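Here you get one chain, nothing else, as structure tokens; it is the form predicted alone.
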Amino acid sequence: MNFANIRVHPDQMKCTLSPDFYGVFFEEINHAGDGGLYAELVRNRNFMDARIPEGTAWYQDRAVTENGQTEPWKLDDPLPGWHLRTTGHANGTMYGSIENPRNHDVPNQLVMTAENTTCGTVTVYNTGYWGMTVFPGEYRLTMIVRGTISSLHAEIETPYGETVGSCEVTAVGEAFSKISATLTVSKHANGCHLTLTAGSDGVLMFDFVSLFPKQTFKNRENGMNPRIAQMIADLSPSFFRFPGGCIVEGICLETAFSFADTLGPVEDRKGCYNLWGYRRSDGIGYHEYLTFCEDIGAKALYVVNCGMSCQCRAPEYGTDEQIEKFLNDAIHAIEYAIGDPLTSEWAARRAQAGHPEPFPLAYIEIGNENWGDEYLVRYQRFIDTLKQRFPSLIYIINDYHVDKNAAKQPAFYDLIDEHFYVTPERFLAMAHRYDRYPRNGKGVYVGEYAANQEVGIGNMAAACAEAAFLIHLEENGDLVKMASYAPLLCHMRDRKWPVNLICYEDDHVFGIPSYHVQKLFSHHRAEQIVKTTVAVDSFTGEAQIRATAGICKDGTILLKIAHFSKEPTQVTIHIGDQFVPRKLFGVFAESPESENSIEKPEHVSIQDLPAEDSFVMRPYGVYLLVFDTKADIE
């Protein structure tokens, strides 16, 4: 047993905590968007998924950029997600075509032929992202199609062949037309697929096929999966960072994120190779991102490319002409978000899309994980223009190789973005990092962090270590203004990154232990951080206890504690007779290796405990005490 005394000094203010301190980071990785947050059920709805990465040459299952970045890319399946089925004596084929496209930017089509349909059936079907999950309610089927088969029978089928929803699609003609129909699903089912069965002999050319639930988060027509979106909203994030992450830059400049390509009708969005091994649909485009920020009450943090591809992947440094293009893209993106529709062409497009009011764009980050002279030259070019045109925004520079103590620094930045992916014990060893950081008028944004090494898919030890790190950040709130865990989302069937905050598969969604710590700390934010001291008696000295306290606007005091020790600890809180413990929350488990899972989604979660100022802390546990004044109680 260890022993600890924590002393809170409510009359000794340390710093003010930014109201935007806790936020989230989104990147299309691990099928975070397509197959995850984005509510679309059809995979490869525009038949572009097999296209090789832009700006590459392909041979023998490899795509290679000019500078030698190699990406594995198989072409044995030209229509991923789509399959053909025939029954009886009917004959049919399915293949890809680019002849006479509706839109030359999105030329790919699926061709279906059917013969002898009076003696059997010809069906093309889509399996979605490792199976479709449906719930009772209405689903919108949208197709752009032409051909000589005048009708189709559409069904949502379970893996066992049961039909849970169906409709007839008619009025197919020889010219491309957009057709919508409604399927009413009768029951909840996982692993489903969408089937489209020919109503007669003939040929069909599909340009676009979409299946979308009508019930999305906030009922947006092109919206988000309500279960995953609600998990994000429940974190109460003050900001939402988008679109990344490395996909901002791409493996080459042709695969860099382009906000303009993600606007407009979804059927005209060609998508792009997104650097994490698959093409994205851009269904969550720039407009949808800004709308989602609004829906969850978060400010938008948009990351712009400054004319260089990912520096960890045989980087490409753009020419002056290319840099100017990316600068103009940044200007146009900002105008789209906050410009005046009467004076800006891009803001007028926002208004035409149904949103005349400005979006809550507040932060611009120039580049992602960039460094060196090539970056600093580009950063300076961007900041000189953007700061002058949009002075109300807050600008973020990348951390890499910027000497915080050097006299020669970029002329201007508001925040510097630092990233940490480390072992749990490393976060404990970083207990004084920001205590020693220069106070030069610049702030810090910890844009990506996680204890993601040697922790499985995310365990209790990782969550406790991250809590200790967050406590350190809060104690340095005069310097550290914002923080966001990364990555945010992961489909369990495509885990490209070892540890991710929210995981899902079929209808299952769960947060790892770190999620519950993030939620606990984000929901309980102090306004003023006060002096807090910790004294620990530990036989071997291995017990690491971090604590910070703060005062809320209403006078409530919050005390956050991270107890990183293999032994239990008897802790006593000293705060003064005028304060009384009102609530005590804990996040802990039977062992530091404990994880959450599909089978046990809240095995580690927030627990309500008896509110006491002296109690025993479990090994590797996180605690939060709420104190009221006696006067408030009386």
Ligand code: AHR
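Remember, predicted model here, so these are calculated numbers, not experimental data. Numbers follow the displayed sequence, beginning with 1.
If you look for the form predicted together with the named molecule, you will not find it shown, but the lines that follow are about it.
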Notebook entry, point to check: Would E448 show up as a contact with the named molecule in the predicted bound form if we use heavy atoms at 4.5 Å?
Noted result: yes
Point to revise | Close approach of A486 to the named molecule in the predicted bound form, 4.5 Å, heavy atom | key: yes
inquiry  = Even though the partner isn't displayed, in the predicted bound form is A32 close enough to the named molecule, meaning a heavy atom within 4.5 Å?
reply    = no
Give a yes or no for G92: in the predicted bound form, does one of its heavy atoms lie within 4.5 Å of a heavy atom belonging to the named molecule? no
Checked Y395, F217, Y434, W497 for heavy atoms within 4.5 Å of the named molecule in the predicted bound form; positive is W497
The listed residue (Y317, W276, F390, W346) that reaches within 4.5 Å of the named molecule in the predicted bound form by any heavy atom is W276
Counting only non-hydrogen atoms, the one stretch of 486 to 494, 200 to 208, 294 to 302, 532 to 540 within 4.5 angstroms of the named molecule in the predicted bound form is 486 to 494
Across 4 to 42, the residues having a non-hydrogen atom within 4.5 Å of the named molecule in the predicted bound form turn out to be F25, E27, I29
